[in-house]
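Okay, here we've got a single chain as structure tokens, the form predicted alone, with questions on binding and movement later.
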């Protein structure tokens, strides 16, 4: 059996060699013979298939080139967008800073007797029982215990409770230990604005000792009255958001939302001296 396979293989090989020879002769003589035509006929599908394959490879190469170009264009667009977003943020920051400086200028014009010192908040207190933060200015800059802390809009933030050489601690107006004389802008009613533990969690404080019969109006502005000697008169405390009568029935209690947005503050001003204010 093996001998028969070898014989058949030799016959096939011989035939293939013969075809190739005849094909070569036809090619060189320029006269295609039967073997040449048979070979061309047999090779045509293969040649066609190879041509299609090469065409698809060219298409794939073009597609990959286009994909790389799109990736490069995408990266360039992302870089351009990032640059534009940075410019927008810078513009917004400059606009906010200009607005802050305009407000500060107006504050200084309204209170030319004030000696103001700008300071940055460096940390907030971690206690759940109080509302405090630390500033980057201390006694070296003239800061003293009891100095009032405000925003550039003249809104009350708090009061200095401790001073170091280069830093100080501030108790905010919503802290349960805070209290200040207050007056209602619309009616002139006097009261006391003080911190409350429950309201502190909501970022608010309360208005007490309102004994007049006139009702507290929602949205009315609460200002400092100057009573107590810590805060100058006319500083903005906040606005009334609600009111109720005390259990005794002799007075009202108001809820006040501070005008100073404490959680977003980063820079404040200390009033080192009120000038020629009345004692």
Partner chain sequence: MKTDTLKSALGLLLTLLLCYFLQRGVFSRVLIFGVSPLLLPLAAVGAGLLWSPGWGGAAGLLGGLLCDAALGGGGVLFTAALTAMGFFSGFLGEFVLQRGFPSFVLLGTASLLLSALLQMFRLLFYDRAAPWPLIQVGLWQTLASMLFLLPMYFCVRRALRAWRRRRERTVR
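Positions refer to the first chain, counted from 1. Every value quoted in this text rests on a predicted model; they were computed, and no experiment measured them.
Just so you know, the form predicted together with the partner chain exists too; it's not on screen, but the next bit is about it.
S.K.: Using a 4.5 Å heavy atom cut-off, state whether residue 74 contacts the partner chain in the predicted bound form.
M.R.: Heavy-atom contact with the partner chain at 4.5 Å: absent for residue 74.
S.K.: Even though the partner isn't displayed, in the predicted bound form is residue 177 close enough to the partner chain, meaning a heavy atom within 4.5 Å?
M.R.: Result yes; residue 177 sits at the interface with the partner chain in the predicted bound form.
S.K.: Residue-level question: is residue 124 within 4.5 Å of the partner chain in the predicted bound form, judged on heavy atoms?
M.R.: Because a heavy atom of residue 124 falls inside 4.5 Å of the partner chain in the predicted bound form, the answer is yes.
S.K.: Tell me, yes or no, whether residue 120 is in contact with the partner chain in the predicted bound form, where a contact means a heavy atom of each within 4.5 Å.
M.R.: Residue 120 lies outside the contact set for the partner chain.
S.K.: Of 77 to 85, 150 to 158, 132 to 140, 183 to 191, which is the one stretch near the partner chain in the predicted bound form, taking non-hydrogen atoms within 4.5 angstroms as near?
M.R.: Contact-bearing stretch, as computed: 132 to 140.
S.K.: Verify the flagged residues 211, 221 and 246 against the partner chain in the predicted bound form: is each one within 4.5 Å by a non-hydrogen atom?
M.R.: Per the other structure, none of 211, 221 and 246 touch the partner chain.
S.K.: Across 175 to 203, which residues bring a heavy atom to within 4.5 Å of the partner chain in the predicted bound form?
M.R.: Stretch hits, in order: 176, 177, 197, 198, 201.
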